[in-house]
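Given as structure tokens, the chain that follows is alone and in the form predicted alone.
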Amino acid sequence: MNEFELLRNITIGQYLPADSYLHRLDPRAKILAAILVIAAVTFTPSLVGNACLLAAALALVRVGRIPLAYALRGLVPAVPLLVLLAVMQLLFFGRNYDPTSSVVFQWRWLAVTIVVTAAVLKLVVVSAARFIELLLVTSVFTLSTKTTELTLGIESLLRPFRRLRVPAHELALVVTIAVRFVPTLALEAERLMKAQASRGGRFGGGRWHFVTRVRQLLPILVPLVTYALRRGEELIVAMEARAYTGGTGRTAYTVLASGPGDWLAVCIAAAFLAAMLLAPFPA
């Protein structure tokens, strides 16, 4: 039944209560710090730099008191895709990626020559490391932030842009609903797969049979989209029944209050980003 357990491998959009420094942070500071760390992951191309980033991401998991195995669960469904992307990079980049790079492996079959260079190997490792780092950072962020806190934090950060006619409250609500619906859709997909399996549908074949898995998941695509549309319509009706009118003139029951410890986290994240950008890592 492991192929039916989708929700257990979805960490984004779920909240894990714990008594940690990250859980107690102001959501605005947490959002800014997460953006800075993600920027550091995005703009660090070296192997040594990504090793430091991976260590920092693991340190965040430790500080948030989140079990490492739980934080890495979201990586399980993506492993076949990562392997497929790595194989495609190794096969199709060749010398075109960096003609000056040394050849590590070369294989010729009929009229096809496959060349793997050191630069391509570095690209594969850096790409995989970035994906793991982004997964850990986003998982720690959502696992340590409640949905209401996320909404209030995004709205508060976007409030200065109201003069430019940016709908801060509406954008915050859209982002929050999108994140919150990730585990909901995973749970519904799991329910549909079990229902079809009880009627003779097959969902076996293992994670590495890509074509077979895609063909098996196609029958649940239409009912899953229908379910998402129905849930969206129910949400609209519920909001209208409660006289929701948008962010104009609305007040919040919870008032955010930040302290020195909150903005210290932002300063640490900014210093970390500057260090990763300015550090003379070997190419």
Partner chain sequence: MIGEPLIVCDGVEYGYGEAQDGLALRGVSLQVSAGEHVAIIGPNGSGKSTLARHLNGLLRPCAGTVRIRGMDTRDPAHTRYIRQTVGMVFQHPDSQMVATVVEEDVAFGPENLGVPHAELHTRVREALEFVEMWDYRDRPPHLLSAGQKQRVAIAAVLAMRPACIVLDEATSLLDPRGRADLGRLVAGLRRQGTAIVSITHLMDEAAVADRVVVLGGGLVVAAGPPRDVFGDAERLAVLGLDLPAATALALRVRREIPDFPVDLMSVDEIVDAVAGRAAS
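Quantities reported herein were computed from a predicted structural model and do not represent experimental measurements. Numbering follows the first chain given and starts at 1.
The following text describes the form predicted in complex with its partner chain, which does not appear among the structures shown.
Proximity of residue 231 to its partner chain in the predicted bound form: non-hydrogen atoms within 4.5 Å are present. The closest heavy atom approach of residue 180 to its partner chain in the predicted bound form falls within 4.5 Å. Residue contact check for residue 63: none of its heavy atoms lie within 4.5 Å of its partner chain in the predicted bound form.
Shown alone here, residue 258 lies farther than 4.5 Å from its partner chain in the predicted bound form, counting heavy atoms only. Looking at 125-156, the residues that come within 4.5 Å of its partner chain in the predicted bound form, counting any heavy atom, are 146, 147, 148.
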